[in-house]
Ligand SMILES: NC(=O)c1ccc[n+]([C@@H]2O[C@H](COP(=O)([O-])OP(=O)(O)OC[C@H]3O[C@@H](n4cnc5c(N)ncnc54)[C@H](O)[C@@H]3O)[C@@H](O)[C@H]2O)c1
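Only one chain comes next, encoded as structure tokens, the form predicted on its own.
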């Protein structure tokens, strides 16, 4: 049996791979990473977190987890975990290029006795594709020479440290040796392991994300209907949920991110007809338009000073990937305001947006001085306290608060309405 220097090698050390590698370090395993991103490598290898993820600052400062750009180090690792991106192409088609590139890079480095664990969110049958690729391009046989498993991550950004140890781990394999090796690897993080085959494991991960996506779409659809009819969605939710035992309606919001915004397509690409997943996608993508159009029913944007609070895809993170805030910015710009200010205290200045260019990142305090309208695009901590003083400072300012950060239970209101709360 081959003797390995490292227990684990993580290929792709982003929001999924890095917390996992550091968590393995904490429980006593030896772990390394591979990544082609120079910034990620240099930041991690200097002992700093390249993004916001609470709980890992001390672990990464120990310098026990190092990241390389050479795939030859694969030979020294017993377990290889692939966590590279799996985006959706514009034509509702799964983009497997990053996984294919990884396979081409590690193919000649694979060694008898290793486990390849696919952890990225993937379309159904992707793990079987990996198995076929190994059979076609190497002399190794899965289940005999090497092991193969699909073990999806199901963490939420910002809570990885806790959830890697508390969420049950799904393990998808199709031979006993692969199952045994994957079990030995992940039981050091959580004792709650659930075993199945490739397809089922892939669908479990997609089902978790798609269920949330459709659930949030229902909330947004009800918000659209309510405002069209002159009703208040937050009053509806409060009355509908109060002591009602059979369902719970969620709050509306801008729903994006690299999982929720794309994962429906990994199932939908094999479906020739429209369905509820596509409808949910359409509802979510319409929400920035809804906020602008329905504000225009109440006041003007042209020639006004507008502020957008929040630019990431979710609260209290620095991750901008697949955020709907940049889309909101573009729809506001179509109405020809005098100025649009963006403030997000989780991002640096300037904000670098590949579609909207470099944008000044205002402080919260300065961003809301003498403005005509404020869009709360993300429910970051701190926005509630920032809005309350407007009740006295600028009571005529319109606030578009789909997240209800002010607790005033309205989407569209003027700052004077905050007087009772401030």
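Residue numbers count along the first chain shown, from 1. Model, not experiment: these values are computed from the prediction.
Omitted from view is the form predicted in complex with this ligand, to which the following refers.
> Go through 60, 386, 371, 40 and name the one with a heavy atom inside 4.5 Å of this ligand in the predicted bound form.
Selected residue: 40.
> Just to confirm, with a 4.5 Å cut-off on non-hydrogen atoms, which of 131, 321, 327, 261 contacts this ligand in the predicted bound form?
Result of the distance check: 321.
> Has each of 116, 148 and 172 got a heavy atom lying within 4.5 angstroms of this ligand in the predicted bound form?
Looking in the predicted bound form, the three residues 116, 148 and 172 all stay beyond 4.5 Å of this ligand (heavy atoms).
> Though only this chain appears here, would residue 12 touch this ligand in the predicted bound form if you measure heavy atom gaps against 4.5 Å?
Output for residue 12 is yes: heavy atoms within 4.5 Å of this ligand.
> Using a 4.5 Å heavy atom cut-off, state whether residue 378 contacts this ligand in the predicted bound form.
No, no contact at 4.5 Å.
> Does residue 350 reach this ligand in the predicted bound form, with heavy atoms at most 4.5 Å apart?
Residue 350: no contact with this ligand in the predicted bound form.
> Taking the shortest heavy atom distance, is residue 35 within 4.5 Å of this ligand in the predicted bound form?
Within the cut-off, so yes.
> Heavy atoms within 4.5 Å of this ligand in the predicted bound form: which stretch among 242-250, 335-343, 282-290, 154-162?
Of the options, only 154-162 has residues within 4.5 Å of the partner.
> What residues of 192-213, in sequence order, lie within 4.5 Å of this ligand in the predicted bound form by heavy atom?
Contacts from 192-213: just 205.
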